[in-house]
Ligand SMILES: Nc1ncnc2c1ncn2[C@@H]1O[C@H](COP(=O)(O)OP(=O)(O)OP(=O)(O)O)[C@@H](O)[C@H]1O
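There is one chain below, alone, in structure tokens, taken in the form predicted alone.
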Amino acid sequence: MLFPKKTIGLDIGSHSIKFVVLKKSGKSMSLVDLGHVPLKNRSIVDSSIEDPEAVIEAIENLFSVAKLKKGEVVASLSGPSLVIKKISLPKMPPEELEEVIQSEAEQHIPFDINDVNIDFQPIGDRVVQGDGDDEEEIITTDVLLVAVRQELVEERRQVILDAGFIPIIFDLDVFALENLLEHNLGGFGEQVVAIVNMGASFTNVNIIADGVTEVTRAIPGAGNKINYDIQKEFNVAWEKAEELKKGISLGNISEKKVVEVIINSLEGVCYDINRMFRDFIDNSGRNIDKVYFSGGCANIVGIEDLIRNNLGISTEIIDPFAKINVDNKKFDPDYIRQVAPIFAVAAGLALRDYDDKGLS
């Protein structure tokens, strides 16, 4: 694996922009810097950049304050403009698989094949029973297919370039989180885990079995929906709703009432996650051993209990710096603990090696 001495992970979300800088020394990784800045409301809608100037300005301001030199970054992609699907194909040589995958992809993605960037990864062979009368066994290869609309990639590439940086790799949020969790755990072994990343516009869910992504989905509804519902219930501005969601500046508003609004707001998300988990368990015959949480909503008081009670599965909030050296003289430990979940994607990006160029 080719690791640069320092790697910048840049997570462009619909609510804020985050970065993490990691430095490799021998087999260990150290935190060099991190930071985040909120975006103007609706600068990014459903992962589409609606206000490029606002995003460019936010990136410039973020790195200016951090006094980071402009250079290469590993950036994130997420949202409804991408598809991740496991497909099964007859076993064939790698060069043939590469030729077949393009035509095969057309059957599995809802976008025009000419409008997407495609990547794939063989993840293992299986022996299955043939359909013929002789029931001869055949060997198939499971392939993880990734398709991303070129528009999504180019939007992000352009704002990063205009901000003065070079996006050397584009990685998917779900894979960055998988990379981070694998780093934390030292490998997945034979367990089945799920990662629930609750951002502003979407809740991204990824189920990993034996170290391989089995199913992933972007579920509409997360932080922004909570804000909208709080606004409606208490007739307050967006900024005030954001504070109430975090339990800040409650004033004469009942904390219990705020929690009730949050629980009701996430009812649909919890239902969709539960259904997704049930489908996986029914289809695979395997239980999910643990659910890991990340994202801005992971810091909401009681959110972990809410999800745990709905799913009936052991849960844990991801600590992106659990296996990364953090200098307590440079970084306030209390601050790091408080903000850790929102930097999970950026940390996973910064852990990337440069052997695999991803979707760049």
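Residue numbers run from 1 along the displayed sequence. Predicted model only: the values in this text are computed from it and were never measured.
Omitted here: the form predicted together with the ligand. The next part is about that form.
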Self-check item: Stretch from 27-35, 57-65, 319-327, 293-301 whose residues place a heavy atom within 4.5 Å of the ligand in the model of the complex
Solution: 293-301
Quiz item: Would H15 count as touching the ligand in the model of the complex under a 4.5 Å heavy atom rule?
Solution: yes
Self-check item: Residue contact check: V21 to the ligand in the model of the complex, 4.5 Å heavy atom
Solution: no
Quiz item: Applying a 4.5 Å heavy atom distance criterion, does R217 contact the ligand in the model of the complex?
Solution: no
Quiz item: Is N224 a contact residue for the ligand in the model of the complex, using a 4.5 Å heavy atom cut-off?
Solution: yes
Practice problem: Would you mind picking the one in S265, N179, S201, S81 that has a heavy atom within 4.5 Å of the ligand in the model of the complex? | Solution: S201
Exercise. Select from the listed residues H183, K246, R157, K85 the one whose heavy atoms reach within 4.5 Å of the ligand in the model of the complex.
Key: K246
